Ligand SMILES: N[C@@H](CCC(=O)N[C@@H](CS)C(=O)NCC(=O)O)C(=O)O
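Below, in structure tokens: the form predicted on its own, a single chain.
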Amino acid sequence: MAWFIPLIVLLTLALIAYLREKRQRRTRPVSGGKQSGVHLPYEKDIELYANPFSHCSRKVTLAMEEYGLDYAYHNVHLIETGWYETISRAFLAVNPSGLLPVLVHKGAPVYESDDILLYLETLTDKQSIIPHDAAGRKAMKEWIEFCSVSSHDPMAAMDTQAGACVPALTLPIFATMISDIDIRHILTGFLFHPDKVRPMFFLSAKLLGLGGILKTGPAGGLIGRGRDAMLGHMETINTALKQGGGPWILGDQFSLADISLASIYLRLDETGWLEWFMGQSDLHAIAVHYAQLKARPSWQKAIEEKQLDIVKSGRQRLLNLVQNSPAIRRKLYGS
């Protein structure tokens, strides 16, 4: 039995090391806006911690490019783009909630993407992309809210917010991208991620593939709910664009509302949903709006130049599965 004692010691040391690491990686909620009482090390006056695939990161990056800000971009990995960098000790020192994006202005972090969007105007003397009149600002904020993804319960308001549908409609490309991720990185989520549902989904997708997760578990139902709700939201956007006279959602004023919608369009485009929605309803005004957004210089810098190969390969894999599997098409599109 002498061999048993070293084993117990080894297991005890491993447990102590794990508990210490877990304590250092513990997340906690943070309030939105500028954190005046926090000071982080910085190299440039303006720095952005973001991920090119993150829906919320994209709209902030687009807005920063619209303002022409000089900033440092720190690419922080999500599990679907590489590994759980958002719950690393280094990133949790930047944002204890483990969420992206984070703007750092002269060492002071600014949390929550919608708060960051409004804060950016204080960093530039260029023409504002926030309407000057009260009615315009109110309408803009309503569109931003309509497009937002809650950090507390992302899919809670599918019936009323387009942004709440985004996580569900992203599940198929999550499933195809995760096949490129080493399984040990996914397992890290079970040890340290505060929401165990996410690593469970990614592990299931890794082991079963898209077809497998659509057959079992809640993914198929969530996707169906998001699909049906988003079709109605797209029709709402299309009607607003037509009634406003364009070229932007608030008429002739380009604003943060257009940037928020741009991130919605992009996610639907790269997951194949935009083409499907276009086939279900007359969304010509949205097609024109999206084309105009992609033609802006900010799109090239914020989106095109930051594309990730893993997203491209996941998108192609998803397209192939949809084309070659009637069962997957039925599960996704309901026909």
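Residue numbers run from 1 along the displayed sequence. Owing to the predicted nature of the structure, the values given are computational and were not obtained by experimental measurement.
The discussion below concerns the form predicted together with the named molecule, not included here.
At the 4.5 Å threshold, heavy atoms of S263 stay clear of the named molecule in the model of the complex, well away from it. Though the partner is left out of this view, R198 does reach within 4.5 Å of the named molecule in the model of the complex, counting heavy atoms only. Using a 4.5 angstroms limit between non-hydrogen atoms, S150 touches the named molecule in the model of the complex.
Taking the partner from elsewhere, P101 is found to have a heavy atom lying within 4.5 Å of the named molecule in the model of the complex.
None of H105, H193, K206, H233 but one reaches within 4.5 angstroms of the named molecule in the model of the complex through a heavy atom, and that residue is H193.
Residue in contact with the named molecule in the model of the complex (any heavy atom within 4.5 Å), chosen from L222, L78, L92, A157: L78. Contact with the named molecule in the model of the complex, judged as any non-hydrogen atom within 4.5 angstroms, is confined among 249 to 257, 124 to 132, 107 to 115, 222 to 230 to 107 to 115. Residues S54, H55, C56 are the members of 39 to 68 with a non-hydrogen atom no more than 4.5 angstroms from the named molecule in the model of the complex.
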